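One chain follows as structure tokens, the form predicted alone.
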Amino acid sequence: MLSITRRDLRLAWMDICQGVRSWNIWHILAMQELRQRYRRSVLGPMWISVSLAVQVAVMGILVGTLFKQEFTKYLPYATLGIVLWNFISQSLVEGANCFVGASVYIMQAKRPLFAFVAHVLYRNLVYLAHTVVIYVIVALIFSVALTPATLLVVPALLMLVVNMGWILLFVGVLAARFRDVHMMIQSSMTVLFWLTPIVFYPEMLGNHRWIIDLNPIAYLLDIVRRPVLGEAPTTLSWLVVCSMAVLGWTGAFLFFSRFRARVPYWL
């Protein structure tokens, strides 16, 4: 039976609330993994920025040259697209493994499961903060202007995090039951990269623009990238992203309520 009781809903809500409040769990885990990853390294976490700088230089210049784009406008656009894509794709791949990877902690003591979803999201936000440095450098080189629309980046980032929260919660539970989900998401990232306007403009697709219109990740990119570039996101992008947040969290919460108690057994 797939019925959900009031008790299931209450326990799921308490789990999410406790997971958000348990900032010490996901903060300590994220910082510990960051230190271990770059232990004995000269540059430390700055390797994140260096690797992104190489990626931007190769892909941005190569694709811009192939499509004969004006680098003054194109490189900031492509750089920001790659920065945001790395955050989204890495969060999705790691989010599908959030409960499986934390099975040792989950089996040792009773902890809110959502804390491990928040841990993955927080860790990738830290990585995002390191990679944004590359965009700032590019923006200064090409004199990207700041406008009043730039302030919209604050609610845009909030909506991005809110949407990533329910996506990671859903795929985390699903991947705990079906381990192939993690592999499927990991292998699909390359395809999604070229189906998302990261290093190209949607207008370049011409009559095939519908591919972008049906891609929800494109709207998540749009509401963040446009304000940073000094433009206001379209009303359609806001409507799609807000609808994704409401419908997504409703579905993910019901899904989590039904299967939350089974996650430790699946691990």
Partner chain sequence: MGRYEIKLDKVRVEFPIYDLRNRSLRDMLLLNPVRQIAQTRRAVGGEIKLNAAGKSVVCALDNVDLHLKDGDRLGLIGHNGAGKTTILRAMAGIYEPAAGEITTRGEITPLFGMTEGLDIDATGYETIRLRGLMLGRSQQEVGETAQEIAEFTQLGDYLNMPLRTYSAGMLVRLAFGIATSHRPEILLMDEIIGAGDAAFIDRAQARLKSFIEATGIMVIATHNPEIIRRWCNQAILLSSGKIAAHGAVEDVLAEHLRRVQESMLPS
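Numbering follows the first chain given and starts at 1. The shown structure was predicted, so the numbers you read here are calculated from the model rather than taken from an experiment.
Below, we refer to the form predicted together with its partner chain, which is not included among the displayed structures.
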Considering Val20, Leu254, Leu11, Val246, which brings a non-hydrogen atom within 4.5 Å of its partner chain in the model of the complex? Leu11
Heavy atom within 4.5 Å of its partner chain in the model of the complex - the one residue of Ile28, Met204, Ala232, Cys242 that qualifies: Ile28
Joint contact, Thr65, Thr72 and Ile198 to its partner chain in the model of the complex, by non-hydrogen atom at 4.5 Å: no
With a 4.5 Å heavy atom cut-off, would you call Ile4 a contact of its partner chain in the model of the complex? no
Using a 4.5 angstroms cut-off on non-hydrogen atoms, would Ser143 count as touching its partner chain in the model of the complex? no
Contact label in the model of the complex: Ile106 to its partner chain, heavy atom within 4.5 Å: yes
With a cut-off of 4.5 Å between heavy atoms, is Gln32 one of the residues that contacts its partner chain in the model of the complex? yes
Partner absent here, but in the model of the complex, which of 128-136, 79-87, 165-173, 107-115 has residues with a heavy atom within 4.5 Å of its partner chain? 107-115
Need the contact residues for 118-134: heavy atom within 4.5 Å of its partner chain in the model of the complex, sequence order, or none if there are none. none
